[in-house]
Ligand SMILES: NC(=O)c1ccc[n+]([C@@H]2O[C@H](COP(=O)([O-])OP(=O)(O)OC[C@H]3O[C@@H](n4cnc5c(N)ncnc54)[C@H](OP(=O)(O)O)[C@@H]3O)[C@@H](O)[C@H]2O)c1
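Single chain ahead, written as structure tokens, the form predicted alone.
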Amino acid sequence: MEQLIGNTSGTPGSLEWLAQAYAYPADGPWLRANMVASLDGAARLDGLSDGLSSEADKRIFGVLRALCDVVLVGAETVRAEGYRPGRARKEFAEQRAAAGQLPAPVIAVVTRSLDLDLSAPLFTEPLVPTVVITTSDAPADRLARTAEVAEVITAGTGAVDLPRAVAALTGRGWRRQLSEGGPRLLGQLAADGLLDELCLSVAPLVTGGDSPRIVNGPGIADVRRMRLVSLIEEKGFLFTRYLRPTDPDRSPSDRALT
């Protein structure tokens, strides 16, 4: 593993090296997304993102989870990828404790319909309680059943109000936020101006087909050029880290409280 852009000390590819390369800002809430895509822009292969992944991609995936407070993920991705609870990693236990973090990241599922398998390990075996973010007018019977196995946050009517949802997560002290998609959720986060950072793994594959892009949804009114701050290569896979330009009129803290 070689870092082509960026400045990270230590043994390349080690957990400590990666944790330094992907460290969160010291202050304020921060929402990053982690996605993988093929060279021609596909977000999935044979219906799943795993077909585009690699050993190094999975290593970075694990580090990003170990650094965050909460993982924001859409219900469609939870169903398709068979999501499981966040797990504690002994390599990061001391670091998380010193930072006042829970032993494992919280998984926060965004869903309007509450079409979830509540008997899945995500809800029956979490080390820290799973969170479900839905609307105030979600089906009452499903809402009651969900509240029995997860912490429920309601934000918006008819559709999940993501700015309110993200602010609610920040209000619980979970400022280090990570979205793992899917493309529809990431599209909504980007359209709402909530995305501070994109960590994109580029697989050396050309897949064709009709897979969605990593951002799939409404157009972004305020299109911004992202700034490349890190580029790592291993076996033809590229691991990029982009930040959005600093907005002098709106700080991350201001954004989280709107």
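Computed from a prediction, not measured in an experiment: that's the story for all the values here. Each residue number is its position in the shown sequence, starting from 1.
The same protein also has a form predicted together with the named molecule, omitted here; what follows describes it.
Work out which of 170, 101, 77, 146 lies within 4.5 Å of the named molecule in the predicted complex, going by heavy atoms.
Selected residue: 77.
With the named molecule left out of view, choose which of 190, 64, 43, 202 has a non-hydrogen atom within 4.5 angstroms of it in the predicted complex.
Among 190, 64, 43, 202, a heavy atom within 4.5 Å of the named molecule in the predicted complex occurs only for 43.
Want to guess which of 120-128, 146-154, 182-190, 85-93 is within 4.5 Å of the named molecule in the predicted complex, heavy atoms only?
Result for this chain: 182-190.
Is residue 35 part of the interface with the named molecule in the predicted complex - any heavy atom within 4.5 Å?
Yes.
Close approach of residue 164 to the named molecule in the predicted complex, 4.5 Å, heavy atom:
No, residue 164 sits far enough from the named molecule in the predicted complex that none of its heavy atoms falls within 4.5 Å.
Taking the named molecule as it sits in the predicted complex, is residue 110 in contact with it (heavy atom to heavy atom, 4.5 Å or less)?
Yes.
Taking 4.5 angstroms as the cut-off for heavy atoms, does residue 81 touch the named molecule in the predicted complex?
Yes, residue 81 is a contact residue.
What residues of 141-165, in sequence order, lie within 4.5 Å of the named molecule in the predicted complex by heavy atom?
159, 160, 162, in sequence order.
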